[in-house]
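Only one chain is included here, represented as structure tokens and corresponding to the form predicted alone.
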Amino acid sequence: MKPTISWSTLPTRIDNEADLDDLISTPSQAVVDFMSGLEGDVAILGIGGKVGNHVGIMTRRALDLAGKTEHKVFGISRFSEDAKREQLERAGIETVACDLLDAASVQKLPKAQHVLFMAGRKFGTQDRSDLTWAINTLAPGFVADRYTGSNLVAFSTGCVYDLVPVNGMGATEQFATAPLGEYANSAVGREQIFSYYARRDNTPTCLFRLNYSIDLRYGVIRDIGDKVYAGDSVNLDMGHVNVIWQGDVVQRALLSLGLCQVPAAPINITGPETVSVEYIARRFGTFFSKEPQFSGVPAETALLSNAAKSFTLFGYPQVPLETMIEWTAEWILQGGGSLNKPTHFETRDGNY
């Protein structure tokens, strides 16, 4: 059986998507140790998204390494892509097709003691805000009603906070939510729905506030690298960001099953740095032998989270910022694949 991941096993570069997916979904020893104490099955709702397949595969691998082979992992999604569903089933995940906006179908989903809710809608909100609100608030209610009493990690976003000074400490979990725009307001709505059901049904819940996850095929770093490589200008209006490697995100998501409580509790998930967008662009310029082009002026505020609490609980991320930049630069140079889904991290008014 494949070993867990550690600092000493990080590669110097990643050559193909199979290796990339394998690396992201390889559990750390801390995750295996945690899963060894887990009793009951695991359900992952929204597993068809950008992060979901990695959560599912890491869950299965960690349970197997922990000797918990009898526990099932259910992967739940509409499954618009057959290839992704087949990948999950090859990994030992039992897939279930379900529209989470269909309350009757949700009630028929297999029960599980541990639930990770990853469904959500962000982009296209300006055109169909009603659909965004439905996915981000109605579906959570249906799911929370189905999984009464289960440990529930609900993926959320750092967008629930207001912009904060770039020379400050970042928004901690103690900051009041102050969402900008329709999407962020619906994300707060999602948290409030889960919080309501947590109190009503005594369902231990963790609100997993993430920004921004990095995979070589998408993410803020890929967005910036693509622009530098193409000779396009990098917008500096949102001049600073937080980033974290997707493998670290997935590990923290599984470990957060141990943080579920009543009332629901938030946890900020991101990297330790307040990263300058210009710095990332200039690092790519060095790799590509190109002078980056810029537009806009960095503002004194940005969407920034303080994840110190998560570092106390889980340690620092295993993949550092410079490694993420180097891996991405090599990936772009070798023509590595892209999901072609820009993050629009430069958006400051919350309209997506």
Ligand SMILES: NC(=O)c1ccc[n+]([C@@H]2O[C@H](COP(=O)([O-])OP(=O)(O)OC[C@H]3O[C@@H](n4cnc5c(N)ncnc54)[C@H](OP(=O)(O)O)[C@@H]3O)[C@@H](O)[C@H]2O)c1
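Residue indices: 1-based, along the sequence shown. Just so you know, these numbers come straight off a predicted model, no measurement behind them.
Keep in mind that the form predicted in complex with this ligand is not shown, yet the notes after this line are about it.
The stretch among 254 to 262, 154 to 162, 274 to 282, 223 to 231 whose residues place heavy atoms within 4.5 Å of this ligand in the predicted bound form is 154 to 162. Within 4.5 Å of this ligand in the predicted bound form, a heavy atom is found for every one of L100, A119 and L210. None of the heavy atoms of K290 is located within 4.5 Å of this ligand in the predicted bound form. Contact check for G48: a non-hydrogen atom falls within 4.5 Å of this ligand in the predicted bound form. Taking the partner from elsewhere, V188 is found to have every heavy atom lying beyond 4.5 Å of this ligand in the predicted bound form. Shown alone here, S77 lies within 4.5 Å of this ligand in the predicted bound form, counting heavy atoms only.
The partner is absent here; in the predicted bound form, the one residue of Y147, Y183, F194, W245 having a heavy atom within 4.5 Å of this ligand is Y183. Residue I135 is the only one of I135, V166, L236, A91 with a heavy atom lying within 4.5 Å of this ligand in the predicted bound form.
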